[in-house]
Every structure is written in C-alpha cells, then in structure tokens.
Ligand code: NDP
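This document starts with one chain, in the form predicted alone, laid out as structure tokens.
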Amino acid sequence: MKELVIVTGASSGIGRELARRFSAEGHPVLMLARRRELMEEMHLPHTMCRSVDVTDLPAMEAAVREAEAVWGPAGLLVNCAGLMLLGHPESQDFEEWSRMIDVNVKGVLAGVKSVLAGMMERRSGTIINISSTAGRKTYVNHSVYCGTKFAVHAMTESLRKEAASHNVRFITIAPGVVETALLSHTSDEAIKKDYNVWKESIHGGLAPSQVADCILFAYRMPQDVCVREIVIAKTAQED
C-alpha cells in the first residue's frame, strides 16, 4: 500500500477533493475536519475520518498516531483547513479576527507539529500548506485574512529551509478565488454580495479539482525535488 496521506479540512472544497483523489490512487487517507458525517458519507476505501479541531494539538497528534498505527508513517500532510471572515476593520468583531488566526495560523502549525519530527527523523516526507493569493498581496475587507495567509507563506518558506537538509519538502499552494464554501463563513451580507458580483465578473472561481491537480503535480515530483510554491488563479482574475 502507498504511503499515508493526511488531509485537514477534508469535509469540503479542496480537502474533500484531495481525499477522493488520493484514495482513488491507493493511498490510505486520514481525513480530518469538524464535520465527520460529511467525510464518512463519501465512503472512501482505506480512510479514517476523525472529527478534530485543527487548533487542538493533542487531538491532532492523537489522530495522526492512530492512523500511523494502522498504515505506517505519514508521507504527506496537506493543511487545507481554513477560515475566511471578511469584514470592515473598524466594525468587524474581534472574535472573528481571533478565530481566523487560530484556524489559519495555529491550525497549520498544529498539523506541522504532528508530523514534522517523524519526517525529519526518517528523512522523507512532504508538507503542503494551502495559502492564497491573499498571502502575496492585500485586498479590501481582507485585512486580517491576508495577515494569516502572509503568515502561512512566511512560515512555510522558513520551515522549508530548516527541513531541507533532512530531505523533507515544504510546499505552498496559493490559489485565487475557488468555488468552495469558504465565503459562507463571512457574516457581513453586503460584503458577501459584492464578492459574489465580482466573482461572476471573472466567470466564477477555480474548481477544487484544478487546485488538486497542482497539489498532485508538486507531490509527485521526486523527493529530492521541491516545487516551493504554486500560484494559480482564473485567467480573468487580475489581482
């Protein structure tokens, strides 16, 4: 059997598509998300579905150790879990800022912490962090979201340098707008409406499968080749 793949945010969007694709290729997959029923309804072979808050390091580590006990060491972690709460900075609830920082930054770090030491010891492994074009440039109403994604870019690149001598790869995938439920978490209805109007003007966002294609391409490269970053967006998306 192929090496164990761990996917956070596996109940929807890019994470769900990745779980499906890796399972179809014969990988055992540890699927992690809050909504276990959405993962289980996929009925994928050789998968383990666990309801885990990615900011809960002990729970993350317990799920990883459970899967590794069945299928062997993790060969790939894809940190897909994320939260996008757009808002006006002068009026947005501070709790929304705090939640984004917890999920988008601390959640990524919890995933990394759960697998990195073992990968470095084995001198093999890949960690892919899903960032955004919002981790490379700023957008109106995205201030704290952009901050969390800039952090993902910086952490991934720094971690890549530190793990490189141990033959462990760190990869950043930075999509533009994608057709997922991410926007639905935003509480400001006017901002959501404007965002959707803009998205229609570029003929919709990327399909999760298109982002998954990029992830699979980077992962399939030989272990001694690291595709450090892929930025992908609809051609009509100017920013």
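Just count from 1 along the sequence shown to find any residue number. Bear in mind the structure is a predicted one, so any value in this text is a computation, not a measurement.
We do not show the form predicted together with the ligand, though everything after this point is about it.
Original post:
Which one, 40-48, 174-182, 23-31, 61-69, holds residues whose non-hydrogen atoms are within 4.5 Å of the ligand in the predicted complex?
Top reply: Checking each option against the 4.5 Å cut-off leaves 174-182.
Subject >> the ligand in the predicted complex: contacted by all of A10, I14 and V54, heavy atom 4.5 Å >> reply: Checking in the predicted complex: A10, I14 and V54 are all within 4.5 Å of the ligand.
**OP:** Would you mind picking the one in T156, S114, T126, S132 that has a heavy atom within 4.5 Å of the ligand in the predicted complex?
**Re:** Exactly one listed residue reaches within 4.5 Å, namely S132.
Original post:
the ligand isn't shown here, but in the predicted complex which of L109, A151, V103, M119 has a heavy atom within 4.5 Å of it?
Top reply: For this set of options, the contacting one is V103.
Original post:
Is K192 close enough to the ligand in the predicted complex to count, meaning some heavy atom within 4.5 Å?
Top reply: Looking in the predicted complex, residue contacts with the ligand do not include K192, since no heavy atom lies within 4.5 Å.
Original post:
Using 4.5 Å between non-hydrogen atoms, is L76 touching the ligand in the predicted complex?
Top reply: No.
Subject >> Interface membership of L85, the ligand in the predicted complex, 4.5 Å heavy atom rule >> reply: No - in the predicted complex, heavy atoms of L85 and the ligand never come within 4.5 Å of each other.
Subject >> 4.5 angstroms heavy atom contact with the ligand in the predicted complex for A81 >> reply: A81: yes, in contact with the ligand in the predicted complex.
Original post:
Does anything in 109-129 come within 4.5 Å of the ligand in the predicted complex by heavy atoms, and if so which residues, in order?
Top reply: Not one residue comes within 4.5 Å of the partner.
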